[in-house]
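Only one chain is included here, represented as C-alpha cells and corresponding to the form predicted alone.
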Amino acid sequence: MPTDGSNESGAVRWPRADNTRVPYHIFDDGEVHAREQARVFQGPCWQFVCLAQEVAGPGEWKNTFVGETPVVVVRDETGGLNAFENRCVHKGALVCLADRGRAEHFTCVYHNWTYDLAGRLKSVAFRRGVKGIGGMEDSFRLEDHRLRPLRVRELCGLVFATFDDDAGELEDYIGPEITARLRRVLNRPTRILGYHSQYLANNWKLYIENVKDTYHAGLLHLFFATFKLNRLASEGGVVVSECGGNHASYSRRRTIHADAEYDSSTLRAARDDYALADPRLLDSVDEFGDGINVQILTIFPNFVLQQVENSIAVRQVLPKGTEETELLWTVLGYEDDDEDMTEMRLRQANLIGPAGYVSLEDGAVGGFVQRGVKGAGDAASVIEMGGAGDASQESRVTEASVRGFWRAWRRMMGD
C-alpha cells in the first residue's frame, strides 16, 4: 500500500470530497509531478507560450516551454503561427538553441536534419550515403517524420498552445467572464518595455495558489497596506470561471472605507511610520475608467496577467522539477503611450517583479511553505476562507479561486 498519500492507481487521496483540504505531499511528490506533466501540461489545456509581437514577422521564432517540454513558436511565410516541440526526431537534441531569432528553416547542429517553419522534416544529411555506400534505407520517408506539433491560437496579442486535440476552443476554455477581464486590460496593441525572470524555491502550484489567494495582499505585502494601494476594506471581488481554473481578482483603491483592522497591533502589515523619498512612485491614472487599481488574472495552468495601478505585465509560470519554478515576467505598455505615460509605467514597474516593493515577498513565501511541508505525511492545508465552494464573490476575503484551481487540477489529474 502506498505511504505517500496516493492510492494504488497513483491518484492522490484527498481528505475531503471538496477542495478545502489540499494534501501537502503533492508539492514534493515526484510521481505526482510526472503525472501532471502528462495529464495537465500535455493534456487538454491551453497554455501561454509567448506574445504575438515577439514573433511578429515571417521566420521570427521564440523558444519557450509547455510544462517542462521545450517548444518553439514561429511565424511562417504566410503570417500564420506554428508551434512544435524543440526536439530533433533523430537523436532528441534541441533544434533551436538561442532564446529568439529569425530563420528560413531550422537545422539541428548535431547531424544537420533540417525542418521547415511548420516543423516538417525536409532533408537529412547524407541520406543517400557517400558514393552510394551507407545512408538511410529506401523505405525511409521524410514525410513520416516531423517535430511534434501543437495547436496554436492568438487572443489579445497573447499566443496559447496545446498538445491536445480535445482542448476545445481557446475562448471557451477561458470562459466569457475571464475573457472580458482579459480584454479590459489588453484592449489595444501593446509594446514590450522589458523582461524579468526569477527562480523560486518551491513547487509551481504554490506560486499559482499565491496569485489566486486574494486576501494575503494586504497582510503579507507591507507596502500595499502601508500606502493603501490594496486593503481588504476597499471595494473588490473575485471572478471564477465555470471550470474553476481561471480567475480575476480586483480592487478599487479609492473606495477604501474605515479600516481600523489595519491599525490593529495584531497585523504585521499595519504601519504608519513609513514614507517614500520619491512619492511619484504612487502617481497613477485611472486609464480604464472603472476605478480598478489592481486586477490579477490567471488562466489555468500557467498564465498570469497583472494590472497594478498602471503597471501591466504578463507572467509565465514554468515548473522545474518538484521544488523549483521559473517565473518569467514581460512588462508591457501600449503602442499609443506618450513619453510621460511610459515613464510612469517604468517607475511603477519597481512595485511588481522579482525585487518589487510589493511582490518581493511572493518570491520568498512559497519557499517557506515548501520547507514547512517536508515530512508532513498525511497532513493537509485548510482552505476555508469564504466557504467551501469556488463561485465568484463580491469580496476578496476568500479563497474561492484557490479552491477553483484545485477543482480544475483534480479534474485534469483524474483525482
Partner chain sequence: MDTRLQARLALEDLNARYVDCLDQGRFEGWPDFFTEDAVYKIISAENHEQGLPLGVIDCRGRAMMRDRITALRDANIFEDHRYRHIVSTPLVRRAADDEVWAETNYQVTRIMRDGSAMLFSLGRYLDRLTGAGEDMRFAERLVVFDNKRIDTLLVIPL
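Positions refer to the first chain, counted from 1. Only a predicted model underlies this, so the values are computations on that prediction, with no experimental measurement involved.
Here the subject shifts to the form predicted in complex with the partner chain, a form of this protein not shown in this document.
Within 4.5 Å of any heavy atom of the partner chain in the model of the complex lies no heavy atom of V130. In the model of the complex, the partner chain sits within 4.5 Å of a heavy atom belonging to A355. At the 4.5 Å threshold, heavy atoms of Y195 reach the partner chain in the model of the complex. Using a 4.5 angstroms limit between non-hydrogen atoms, E361 touches the partner chain in the model of the complex.
Only one segment in the set 67-75, 209-217, 324-332, 178-186 has residues whose heavy atoms sit within 4.5 Å of the partner chain in the model of the complex; it is 324-332. Among V285, V109, A275, A125, the residue placing a heavy atom within 4.5 Å of the partner chain in the model of the complex is A275. A heavy atom within 4.5 Å of the partner chain in the model of the complex is found for exactly one of D340, E104, D99, D290: D99.
Residues of 367-383 lying near the partner chain in the model of the complex, listed in sequence order, are F368, R371, the criterion being any heavy atom within 4.5 Å.
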